[in-house]
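Have a look below at one chain only, the form predicted alone, in structure tokens format.
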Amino acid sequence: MELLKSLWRICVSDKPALVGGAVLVIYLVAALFGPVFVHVGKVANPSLAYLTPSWRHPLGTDFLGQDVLSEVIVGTRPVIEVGLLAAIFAVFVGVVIGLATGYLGGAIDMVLMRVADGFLTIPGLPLVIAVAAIIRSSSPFILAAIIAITAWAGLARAVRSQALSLRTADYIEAAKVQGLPLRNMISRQLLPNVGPYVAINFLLTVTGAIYAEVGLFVLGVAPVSGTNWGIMINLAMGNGALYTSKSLLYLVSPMAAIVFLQVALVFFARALDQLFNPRLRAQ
């Protein structure tokens, strides 16, 4: 509770962080309740295709006569869902491997870090595209796991560096003397010290995962399933958005939603950075 109070005080004093937090709340509300209260029609109505913005259709309509704003709202949930799942998978793997290799060292450290180095040298997006093209699944869990394939390696190496610096700390040596089990040593002694870095990295991983997920649907690698921002961009481009102004708003709307979400995540990361780094707060 005290942590939340400190976070609120930081947001109040840091306007970009406050704006970022407010925008994130709007997106979360849209993801949770949007599909409940907003519905996208399944029957095409060509007579309503590409209507200009109005009170009834604030962002106009698409090539099927569907309301673009409704599609943006309904498409929020799958994008955020995959982004959060991918970040959870990547952060979990990265933290476990980073702490284990940094604390244990030896052959485990050498093998796992060589694996991490291999993933860091491979271009991430092409690998994700290749795996997604082979699996051809639109399941949020599978897409998140595919995206997390390359997202864990950088975090694992950074966490390992912090674990190496903490391994010889006095309180770690005292815990070793007391015979604290390895599981408790990592969860109680090391993990709290890398928690701040992990929390900030989690938000940044979400931004990268969202870009990757949308890119898979834009490229047509992931099968079309339901409504999300990547599918909207794909359909807009396939129906002449790059060559005619009629479908331009249909193309720009999901892109704007992605940009606002990413900016909000980066702004809110400022608050977390100040929360866990008192020197930044003092400045």
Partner chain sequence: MISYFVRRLVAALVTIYAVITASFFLVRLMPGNPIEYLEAQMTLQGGMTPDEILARVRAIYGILPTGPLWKQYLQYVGNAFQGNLGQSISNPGHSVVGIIAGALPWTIFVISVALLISFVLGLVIGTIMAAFKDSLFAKVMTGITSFLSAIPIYLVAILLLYFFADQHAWFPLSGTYTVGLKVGFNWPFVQSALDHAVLPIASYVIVGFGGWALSMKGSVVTILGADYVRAAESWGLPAGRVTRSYVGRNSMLPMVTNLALSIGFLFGGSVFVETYFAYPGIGYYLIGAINSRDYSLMMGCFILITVAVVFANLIVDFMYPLVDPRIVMPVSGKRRVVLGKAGQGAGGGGPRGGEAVGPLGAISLVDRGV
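Numbering follows the first chain given and starts at 1. The shown structure was predicted, so the numbers you read here are calculated from the model rather than taken from an experiment.
Heads up, the form predicted in complex with the partner chain isn't pictured, but that's what we're talking about next.
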Contact check for Gly118, Ile122 and Phe267 against the partner chain in the model of the complex, heavy atom at 4.5 Å: yes
The partner chain contact at Val263 in the model of the complex, heavy atom, 4.5 Å: yes
Close approach of Ile258 to the partner chain in the model of the complex, 4.5 Å, heavy atom: yes
Met232: touches the partner chain in the model of the complex, heavy atom cutoff 4.5 angstroms: no
Residue contact check: Val95 to the partner chain in the model of the complex, 4.5 Å heavy atom: no
The unique member of Leu143, Ala87, Ile210, Ala163 whose heavy atoms fall within 4.5 Å of the partner chain in the model of the complex: Ile210
One residue of Leu69, Val38, Leu219, Val29 in contact with the partner chain, assessed in the model of the complex (non-hydrogen atom, 4.5 angstroms): Leu219
Within 191-216, the residues that have a heavy atom no more than 4.5 Å from the partner chain in the model of the complex: Tyr197, Ile200, Asn201, Leu204, Thr205, Gly208, Ile210, Tyr211, Ala212, Val214, Gly215
